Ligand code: KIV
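The chain below stands alone and is given in structure tokens; this is the form predicted alone.
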């Protein structure tokens, strides 16, 4: 496998030649190292870490410090993949200057190559300023989890005429602002495919957007089957680690209770003469 580091230029070139782009979320060193070794092109340190790693009910409570902490861990594991750090809720929405400072923190302290923020036309001016200041940006439109309360829940976006037109305007505004990629979440596949063909410089990354996008992203815990709970329609489980992990823990508990672990092979000895002098 080509060991050259993936850059924003690489993503542009992949878009141009029609080569699909793989992206997964990763929240810690070990997971990022495995994904990077597997050849994933982009690692997203998503604010979904609030739900997946920290047990929050949504992404809304996630702080900048938490994002920086996890992004640092992922960046330390990266050897080839491009690391994208998520801008958490209210880290950029209130003031442009605050958004610039927080994006700078995520790159300088977190070590990521690019940042991701939710929104379309309304954040395009900030995206343009970030890009002109040397901060690569990945957009995110469609279902935007930080705005889930406004949207009335987790629903497919862009199904009616006005909503579809808004998605088109959002995507084109982000492309014009200089974003190198845009995540399309829960967007009708035909619309995502049409937009992907119309966008000439920005790569589209689908999560519930169909296979007509330039690439795909999934939450690492979802694709690995870490949980037997709710699974979104767009997720494909490539493993069932939940059963494997719970089964391993059960076996460990059984061995501890029966005193079969640790056995002699996993214990340390002591000279009998030394022991005899102790008692």
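Numbering follows the first chain given and starts at 1. Predicted model, so just to flag it, every value in this text is computed and none were measured.
This next part talks about the form predicted in complex with 3-methyl-2-oxobutanoic acid (KIV), which is not shown.
Student: So, in the predicted bound form, is residue 48 in contact with 3-methyl-2-oxobutanoic acid (KIV) at a 4.5 angstroms heavy atom limit?
Tutor: Looking in the predicted bound form, residue contacts with 3-methyl-2-oxobutanoic acid (KIV) include residue 48, since a heavy atom lies within 4.5 Å.
Student: So in the predicted bound form, does residue 141 come within 4.5 Å of 3-methyl-2-oxobutanoic acid (KIV), heavy atom to heavy atom?
Tutor: Judged by the heavy-atom cut-off of 4.5 Å, residue 141 is well away from 3-methyl-2-oxobutanoic acid (KIV) in the predicted bound form.
Student: Although 3-methyl-2-oxobutanoic acid (KIV) is absent from this view, report whether residue 213 comes within 4.5 Å of it in the predicted bound form, heavy atoms only.
Tutor: Taking the distances in the predicted bound form, the answer for residue 213 is no, it never comes within 4.5 Å of 3-methyl-2-oxobutanoic acid (KIV).
Student: Tell me, yes or no, whether residue 43 is in contact with 3-methyl-2-oxobutanoic acid (KIV) in the predicted bound form, where a contact means a heavy atom of each within 4.5 Å.
Tutor: Result no; residue 43 lies far from 3-methyl-2-oxobutanoic acid (KIV) in the predicted bound form.
Student: Would you say all of 185, 207 and 219 touch 3-methyl-2-oxobutanoic acid (KIV) in the predicted bound form, counting a heavy atom within 4.5 Å as a touch?
Tutor: So, yes: the whole triplet contacts 3-methyl-2-oxobutanoic acid (KIV).
Student: When 3-methyl-2-oxobutanoic acid (KIV) is placed as it is in the predicted bound form, which of 190-198, 159-167, 126-134, 177-185 ends up with heavy atoms within 4.5 Å of it?
Tutor: In the other structure, the partner sits against 177-185.
Student: Note that 3-methyl-2-oxobutanoic acid (KIV) is not shown here; using its position in the predicted bound form, name the residues of 92-118 with a heavy atom within 4.5 Å of it, in sequence order.
Tutor: Heavy-atom contacts to 3-methyl-2-oxobutanoic acid (KIV) in the predicted bound form: only 116.
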